[in-house]
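Just the one chain here, laid out as structure tokens, in the form predicted on its own.
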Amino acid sequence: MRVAVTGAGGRLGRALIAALEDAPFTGPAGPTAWTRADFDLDFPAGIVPLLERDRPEVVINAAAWTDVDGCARNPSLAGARNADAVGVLAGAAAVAGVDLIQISTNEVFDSRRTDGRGYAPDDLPDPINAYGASKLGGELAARRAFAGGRGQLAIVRTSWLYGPPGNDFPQKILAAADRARDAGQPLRVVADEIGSPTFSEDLAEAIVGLLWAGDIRGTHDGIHHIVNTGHTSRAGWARELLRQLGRDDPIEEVPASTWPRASTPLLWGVLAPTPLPDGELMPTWQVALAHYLPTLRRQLVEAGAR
């Protein structure tokens, strides 16, 4: 199977390329990595010559403008990059008979659920911020393109993604914890935003599994919620990170309103995970975090060396 990945220089894109390189179905040539230099969301028509040149059978679109506050400040640009560009990519893929896996987000939902359950794939999206609206626009554009196309469309929603190359929530929390300790103050972390932290490498492996199963069964289309299982608050995530690192930094839980933002954050952004093709769910977010710690420690050492 010839698989191309857009956004291959990003957090998920890197993890996907690594996972696909180990996948038996990509062959000796491995996956095709399309970075921003190849496929730029600001110039999406460039996808047509890419499809003709590399002739993939599947494109995984991991390219997106993920600056949530930036999207709130410039919603028209968010729509152009996360919706319109996806429409161009999906249209070209559908015409060429190329399958598409479109990466999306929990931010397409309204955060108003009060029954303690995660959002399911068949729940009605209703975004409350510009980023979520733009990503939902991308989903809808892809679905329109594939309504009469020859390929298959899978939409993969995820949440609270972290992992290499750093500058993610765990790394930011550790930096904030060090500053708070030096100032003799507790670490202040938001307690009323609830979600499912998801390790990029676990997500990438799950998407590869989805492709593999699709190759066997002949289909991988539909909407998939792929997250590490369980949920927690930002404060709970920070507390578990510090615990696993053997630190006992005091934490003060604060509301999200403590730090006004351009965007409206989801207070309840939990996704109900859909089973993987083997019927299993992803590891719990606590187990995934433990798997990330060796890489996180190495990143911190390298950052200190610079």
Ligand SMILES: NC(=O)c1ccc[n+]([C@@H]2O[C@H](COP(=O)([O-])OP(=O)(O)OC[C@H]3O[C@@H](n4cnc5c(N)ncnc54)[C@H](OP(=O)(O)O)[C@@H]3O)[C@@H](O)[C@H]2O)c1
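Position 1 is the first residue in the sequence shown; the rest follow in order. Note that the structure is predicted; figures quoted are calculated from it, not measured.
A second form of this protein, the form predicted in complex with the ligand, is not displayed here; the remarks below concern that form.
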property: 4.5 Å heavy atom contact, A154 and the ligand in the model of the complex; result: no
property: 4.5 angstroms heavy atom contact with the ligand in the model of the complex for I103; result: yes
property: 4.5 Å heavy atom contact, W160 and the ligand in the model of the complex; result: yes
property: Contact of D249 with the ligand in the model of the complex (heavy atom, 4.5 Å); result: no
property: The ligand in the model of the complex reached by all of G7, D40 and K135, non-hydrogen atom within 4.5 Å; result: yes
property: Stretch in contact, per heavy atom within 4.5 angstroms of the ligand in the model of the complex, of 240-248, 255-263, 58-66, 276-284; result: 58-66
property: Neighbours of the ligand in the model of the complex among 80-101 [non-hydrogen atom within 4.5 angstroms]; result: R81
